[in-house]
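This document starts with one chain, in the form predicted alone, laid out as structure tokens.
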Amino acid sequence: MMNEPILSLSHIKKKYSSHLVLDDVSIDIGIGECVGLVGKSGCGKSTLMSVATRMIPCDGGSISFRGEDITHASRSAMMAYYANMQMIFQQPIDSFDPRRAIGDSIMEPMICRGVPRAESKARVIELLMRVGLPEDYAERYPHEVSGGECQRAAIARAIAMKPMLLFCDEITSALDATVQKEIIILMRELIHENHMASLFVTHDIALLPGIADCVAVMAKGRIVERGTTSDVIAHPKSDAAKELIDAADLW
């Protein structure tokens, strides 16, 4: 049985012009649960994440966070929710200010929420070490580190304020296979350590056994299959899941 939902998307619809990108999509994420959202490029999964984070509005349905309806919450009202939601992106370097040292970027959300500077600096070092980076990386700039190192720094920033919910948007797709596995192991550890919930979006179903408790398979704007990760991979029912598994290099 799933834990109490921290995020509920109910009957979500989204159109671009006359094209229905999301067609009656419902998904729940329980407290401390990692849900893998998988599908081919163009199936609607990134749009669903953008709707879930209120980066774009939906055209139908509702969004609930911690039991409160945020479907039409104002931008100012959403700021309070964003303290408990964080997002990690596919291209981490694009989410960092190139003119600021990595440590300053990791420290920024703490400073913005009133954490004293000295405490924030000490926390940055702790975070860097936890994600596998030496403390001197706090002084480096985004262009001075590798893609995998930059993604580790982005993860450190995302967990700085101990959010309840992480959105991970194709966070390993720009990395080589070895680094992918390292990032997946790190994310699994952090999710469990901090009892965070996560929506992990990917086109590669082979990543999900290492991190996701359950899987929702998307195709053409709809959820076509869902279940525990082991069940979906061992006994896929939808054509979409079977195609993803056939194309995957399962670990």
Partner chain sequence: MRKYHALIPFVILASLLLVVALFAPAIAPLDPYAQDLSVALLPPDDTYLLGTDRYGRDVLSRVIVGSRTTLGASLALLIVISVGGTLIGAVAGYRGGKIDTALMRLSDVALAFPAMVFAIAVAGVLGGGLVSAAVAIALISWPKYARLARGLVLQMRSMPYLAAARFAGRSETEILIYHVMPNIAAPIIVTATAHLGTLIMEMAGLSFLGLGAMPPTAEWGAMMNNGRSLLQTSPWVILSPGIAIFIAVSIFNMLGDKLRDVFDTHLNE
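These figures come from a predicted structure and were not determined experimentally. Residue numbers count along the first chain shown, from 1.
The same protein also has a form predicted in complex with its partner chain, omitted here; what follows describes it.
K.L.:
With the cut-off set at 4.5 Å between non-hydrogen atoms, does A118 touch its partner chain in the predicted complex?
P.N.:
Contact check for A118: no, nothing within 4.5 Å of its partner chain in the predicted complex.
K.L.:
Applying a 4.5 Å heavy atom distance criterion, does Q86 contact its partner chain in the predicted complex?
P.N.:
Q86 belongs to the contact set for its partner chain.
K.L.:
Looking in the predicted complex, any heavy atom of R113 within 4.5 Å of its partner chain?
P.N.:
Output for R113 is yes: heavy atoms within 4.5 Å of its partner chain.
K.L.:
Closest heavy atom of H72 to its partner chain in the predicted complex, within 4.5 Å or not?
P.N.:
Residue-level check for H72: no, no contact with its partner chain.
K.L.:
Pick from 129-137, 97-105, 144-152, 177-185: which stretch has a heavy atom within 4.5 Å of its partner chain in the predicted complex?
P.N.:
Answer to the contact question: 97-105.
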